[in-house]
Structures are given as C-alpha cells and as structure tokens.
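Same chain, two versions here, written out as structure tokens and called structure 1 and structure 2.
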Structure 1
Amino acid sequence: MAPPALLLAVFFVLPMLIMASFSFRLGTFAPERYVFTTEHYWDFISRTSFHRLLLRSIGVAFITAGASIVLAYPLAHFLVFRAGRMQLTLLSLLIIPAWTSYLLRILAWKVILGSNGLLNSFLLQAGLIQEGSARLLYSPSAVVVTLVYVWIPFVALPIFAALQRIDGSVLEAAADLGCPAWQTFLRVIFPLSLPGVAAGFLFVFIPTLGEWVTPALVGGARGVMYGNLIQDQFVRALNWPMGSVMSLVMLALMLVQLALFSRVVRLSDLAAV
C-alpha cells in the first residue's frame, strides 16, 4: 500500500500543490511569480465564455462515455463468452490500432471523412448524396465520433475484466433453472459487470473532460472545448496562473461528478470500499 501512496504523494499531490499555489500568483516567472493575488479567480468568474465551454465539455464527455460503453459492451461480452481460446488474440487485435500515433489515426480519419474522402466519394457514386452536401468533419459531433473510436478499446478492457470474473457456475445454474438467455443477461451478467462499466465510464468521461487534441483537429470552428483554452494558457500565453485556476475548477468539477456518480452506481462497487 505504501509505495503507490508514496508515489502519488510525491509525484502527484506535491505537483498539484505547486499548481494550486501558482493559481494565486500574479505571473509565471519572477518577479511577478512572487506577487500573490486572487485576480485570476475573479477573472475566471467574469469570463462567461469559459463557463460555456466547460458546460460543452461536460456534455461531450457524457455522450462520448455513454456511446463508448454501448458500443464496447457487446465486444467485451463476445470476447469473454464466445471467443473461447482466441480470446487473448482477439483482445490484442483490438488494442493494436491504438499503438499507432493518435495524431496519424485522426489524419487518416480525415482522409476517410473529408470532402473528397473515401466515404463521400462512395456515397456520391452510390447516388445517396448530392455533390458537396455532406460535411462529416469539423463539428462537435465529429469530436464525439472520433473520441468514441479512440476509446472503444480502453472501455472494452475494464468491462472485459469484470465479465471474466463472473463465475461460470452462476450461468450454468441460471441455464439449469430454465432462465432464457436474455434474462440471464439482464439479471445476472449485466448487474455483475456494472463495476467494469463504471470503471469504463470514468475512463472515458474524465479524460474527455480535459480533451484538447481531438477538438482542435476535427472540431472545426464550433467544436472548441475547455481543454483547448487550458492548453492555450499554458503553452501559448505562458500564463500558468490562469491555466492553474482553470485546471483547479475542472478538478473540483470532477470531484463533484465522482460524488454524484457514486450515488447512482455506487462507487463502492468499483473498489469494494
């Protein structure tokens, strides 16, 4: 227990305290670094555009997490109950695409979805759309689709792990009792897999909240998210204090969300606390 706690204390809690202290400093480097102020907090409160993007990010994170789970669940189910000896191979097959640079995969998606892309050319040939009528990229929904694509393997993993621990005898017992397959699923399998689903949800929701690469690449002019603004403060404006304030707000929000979440799905299930 001690090593992970120590690691987190030294390399996470301590850096976060540094960041928290930055949120009260006037500037990033000396001499402004040593002037203390709450100015950035007041600035944040007055910036309605920040609040709007924060809400948008929450919405995108919810939809993305939900859709990823819906799509990944049957996958994990298939791997655990139907794939037999091929299980690990097929699981690896799912993960491998993620070893290609994310940026390059997005680039490839743009080739597929762009105006002269594969999909549009195909739809055009098939007479399903008119010339130039379909714009599949550069919108908030393109962000969701892309993120779901990215997250599916990551969501499948915890669901896979959770489904795997379901005792074969329970399923046999259900079958022996004449329980139809769909009822076995609804009453036995699904409830038992909920911790994995919950883990998968958090896996997607939490990082999507701070996501900035995907919106920058496929979100278009209207798909910008909160994470993009944080990124700008740190690496463009070199305004670490403001970036810290914005990050802390997001952190607080995440904690609130975790608390709400734990009422609905019982976080205790997740880690047996």
Structure 2
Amino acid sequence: MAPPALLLAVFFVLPMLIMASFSFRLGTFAPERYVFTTEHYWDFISRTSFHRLLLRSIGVAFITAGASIVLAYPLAHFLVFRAGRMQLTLLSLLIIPAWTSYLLRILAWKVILGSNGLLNSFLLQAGLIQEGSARLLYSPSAVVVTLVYVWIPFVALPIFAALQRIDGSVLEAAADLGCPAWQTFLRVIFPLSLPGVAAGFLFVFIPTLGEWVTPALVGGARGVMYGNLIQDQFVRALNWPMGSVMSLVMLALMLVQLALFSRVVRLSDLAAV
C-alpha cells in the first residue's frame, strides 16, 4: 500500500492542502499572498449568483448521471445476459470510442449540433424546419447530450461488472419458484446490481459537477457551469484565493454525497466493482 499511498499524498492531498491555504490568503501575489484572512469565504457566502450557478451545475450533473444510467443499464444487461459469444466483441466496440481524444469527441458533437450540422441538415431534409438553427448548440441541453455520450461507456462498465458477478444459481432459483422475468429483474437482478449503478453514478456526477471544457465548447453563455467559474478565477481573474474557496466548496459537496451514498450502498461494494 505504500507506493499508491505516497502517490495519493503527493499528487492529491498535498495540492489540496496548498489550495486550502490559498483560500485564506488575501491575494494571489506578494505581498497580499502572505496576509491571511477569511474575506473570500464571506465574499462567496454573500454572492447569490455563485450559489445559483452551483445549484444549476448540480442539476446538470444529476440529469447527466441519471440519463447515462438509464441508457447504459439496458446495454450492460444485454451484454451480460443476451450477447453470448459476441460479448467481448460488443464490449470492445463499446470501449473503442473512449480511446479517441476527449476533445475530439466534444468537437464532433459541436459539428453535429451546429446550425449547418448533421442534425439540422436532417431536420431540413425531413421538412421539419425551414432553416438551420443554432438553438441546438450553445445551450444546457447540448452540454447534457454531449456529456451523456462521453460517459455512457464509463457507466456501462461498472454495471456490466456488477451484473456479471451475480450468481447464476440465484436466477435459476427464482425461475424454479415461478418468478416471471420482470419480477426476477426487479427483485433479484436490479438490487444485486445496485453497487454498479451507484459506482456509475459517481463516475459521472463527480467529474461533471466540475466540468468546464464541455460547457465552454458546446454550452455557450447559456450553458456555463460552476467549473467554468472556477477556471475563470484561476486563469483570467488570477484570483486564486476565491478559486480555492469555490473548489473547496465543491469538494465538500462531493464528500456529503459520498456520505449519503454510504448509507445506501457500502463503499467497499463500490471498490469491488
């Protein structure tokens, strides 16, 4: 355990401590950086615009995670119980898109949703619209659609692993007792796959809440998220103390979510997935 513990301490714990110290500094550069204060915490508390953006980002993260699970679960279920000898082939096809550049996949959706993109062209050909519209792009919906596409493989894999771990004798026992297929799914398969569902949810919710690349490319002004604001504080405003405060608030929300999940699903089960 020493090597991974050392890596975690150097590349996660230490940077978090440095960021926590910056949150109490008056400014980013000397001499203000050597003056400690709680001013930025009170400033964050007083800014309702920050709170609204954080709540909206939480909503987008929940919708993205929920939609990813709804789409990925049937896919994982099919791979485990219906794919047969094609299982490994189909699983490879599911993973292959993740090998390409994350930025390239986002830009592909920017092309698809653009005013002259594939979707608008299809709607024009079908006679459903009279002219191309940019409404599909630069909106919260575009952000959700792009993120769901990106995260589906990462949600399907833990669900796939959880479904594969289900003992076949349990399903045979349910069938012998006259349990119909839908009831077997609701009372046996789905409860046993909950650790995979929870893991998939966390895999999507945690990075999506801090996402800033996707909203910047396909979200526009209407699709700005909390992560964009943090990035602006560090890069454009050069206000590292406020950016640190906002990052720590987001981290605190993550820890609260993990605590709530631990009351429903044991974290050790998530690790097993």
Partner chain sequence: MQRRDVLSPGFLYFVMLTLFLYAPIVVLVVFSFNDSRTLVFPLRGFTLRWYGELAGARELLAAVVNSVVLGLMSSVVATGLGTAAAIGIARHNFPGRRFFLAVSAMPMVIPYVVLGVALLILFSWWGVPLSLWTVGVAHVVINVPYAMLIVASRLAGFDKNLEEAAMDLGETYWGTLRRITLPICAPAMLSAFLSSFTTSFDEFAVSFFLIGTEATLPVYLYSQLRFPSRLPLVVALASIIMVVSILLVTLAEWLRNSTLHLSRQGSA
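In this text, rigid core is short for the largest set of C-alphas that superpose within 1.5 Å between two forms. Keep in mind that this is a model prediction, so the values were computed, not measured. Residue numbering: structure 1 sequence, from 1.
Review point. Do you reckon the form predicted in complex with the partner chain is 1 or 2?
Key: Structure 1 is the one predicted in complex with the partner chain.
Practice item. Compare the position of the CA of residue 59 between structures 1 and 2 after a rigid core fit and state whether the shift reaches 2 Å. Key: No, the C-alpha position differs by under 2 Å between structures 1 and 2.
**Study point:** Core superposition between structures 1 and 2, C-alpha change of residue 30 at least 2 Å
**Key:** Yes, shifts by 2 Å or more.
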